[in-house]
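Presented as structure tokens, the chain that follows is alone, the form predicted alone.
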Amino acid sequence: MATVLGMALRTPDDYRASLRDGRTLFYRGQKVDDIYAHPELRVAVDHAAIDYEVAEDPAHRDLAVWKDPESGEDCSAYYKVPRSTEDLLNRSKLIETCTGLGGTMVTLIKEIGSDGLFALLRTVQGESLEKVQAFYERCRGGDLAVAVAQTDVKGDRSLSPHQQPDPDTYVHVVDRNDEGIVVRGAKCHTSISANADEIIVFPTRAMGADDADFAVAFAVPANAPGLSMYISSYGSGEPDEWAFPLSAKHKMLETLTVFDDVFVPWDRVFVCREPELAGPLALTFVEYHRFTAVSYKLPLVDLLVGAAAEIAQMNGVTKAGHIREKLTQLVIYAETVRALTHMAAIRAKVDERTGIAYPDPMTTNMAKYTFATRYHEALEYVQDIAGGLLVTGPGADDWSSDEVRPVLEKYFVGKAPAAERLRMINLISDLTTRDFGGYHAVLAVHAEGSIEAEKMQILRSYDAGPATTYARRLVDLD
């Protein structure tokens, strides 16, 4: 089992060293013994280490570090339990900052885990709350990287968990004794689990009494016996930073996370066979995680605006009316998402029982819905402004050739030199047309919940009372 480090802040190298713990990983059909020794996976680890680097950077330390008033220790600000609008705004700024440093790819190794911990602190009670508090203190005190595994593989989606021909399509309890429980099943789309210290497991949906075995929440170290993670090879990236300026340096790992009779001691079990908690826990987690999502989308929408404006200048087309219209629409898109994100914190609510603040669910979902439904339109604007070189331009081998490069420099010049113009083209291509861009495009639609889920939550969260009362009053119905 992983050990707690006796410090409230870890260095980036402390984090990297913690991953050499015998965890079971597979990548491209091969078992991986050391994630940091693998040349492709190392990129993801170094990217994730940004969450530790900011605490050492004087430019960001005030935002990234929080002094725990009880222990007096400096801790990661990700683990500060929000109590106010100011706390949520600071958290959003920290997420935005780290994602910006990560070239529009969220780091997530502290963001998602703390989202999960806040949800647990608000949802469970009694003895379970004491266990959650102890685990929270472990994560905060050890400055741990924590993943959340929520989305079950689900099997036949027309059937509830207990009706599945193979029950392992949902994580479930198969045994329990005085020492703990044994779980089996699989979760998919598990972000950063391969390079986290701990994994929190949540129910994926509301459940009925017949689904009690599937209503389980717990935490396990990433090297727990019986736990295997199968890393997606999508977006493996290229080592050449000239042609792939983003994906060569920034990557996030996703896994199929398989629990093959994994033992979980009772002090790490937060919900067990309590279907009445499955829905509230899943929903409370989403309240925080969608706020995290829209916060980490802000550098991405900014880059769409900035890259489009820059390539328009380099192409010499900034005076064209249709280009100005597209740039205007990109600005409206980016600033609407930003305004809604900030408003979700400004409209924050405070849970009466726990005193923990959470972003306004309706506004958070409006921000996420706006981002998701207009993202592909924004890509179209950027690609239209950039031009066909996004997919027909030269590669790094051409640019490095003494014979070919002079030809490229002569014929790909615009209002800017070919070297600058092609670098910007490669940035936009990496962001919008290649694996990295495809990853972002699918995340826009599916990550942190579907578009339909966001619409449902907007309607569920909206208080129609004042509006209907106003309508009735105007025609004297009351």
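A residue's number is simply how far along the shown sequence it sits, counting from 1. On a predicted model such as this, the values are computed, not experimentally measured, just so you know.
Below, we refer to the form predicted together with a small molecule, which is not included among the displayed structures.
Screening 394-402, 309-317, 151-159, 351-359 for residues having heavy atoms within 4.5 Å of the small molecule in the predicted complex returns a single hit, 151-159. Taking a 4.5 Å heavy atom cutoff to the small molecule in the predicted complex, the contact residue among Glu452, Glu420, Asp57, Asp34 is Glu452. Among the residues Arg28, His446, Lys410, Lys415, the one placing a heavy atom within 4.5 Å of the small molecule in the predicted complex is His446. In the predicted complex, Lys249 stays away from the small molecule, with no heavy atom inside 4.5 Å. Taking the partner from the other structure, the small molecule in the predicted complex has no heavy atom within 4.5 Å of any heavy atom of Leu227.
Contact between Cys188 and the small molecule in the predicted complex is found at the 4.5 Å heavy atom cutoff. Proximity of Ile112 to the small molecule in the predicted complex: non-hydrogen atoms within 4.5 Å are present. Every member of the trio Glu254, Tyr439 and Val442 reaches the small molecule in the predicted complex with some non-hydrogen atom inside 4.5 Å.
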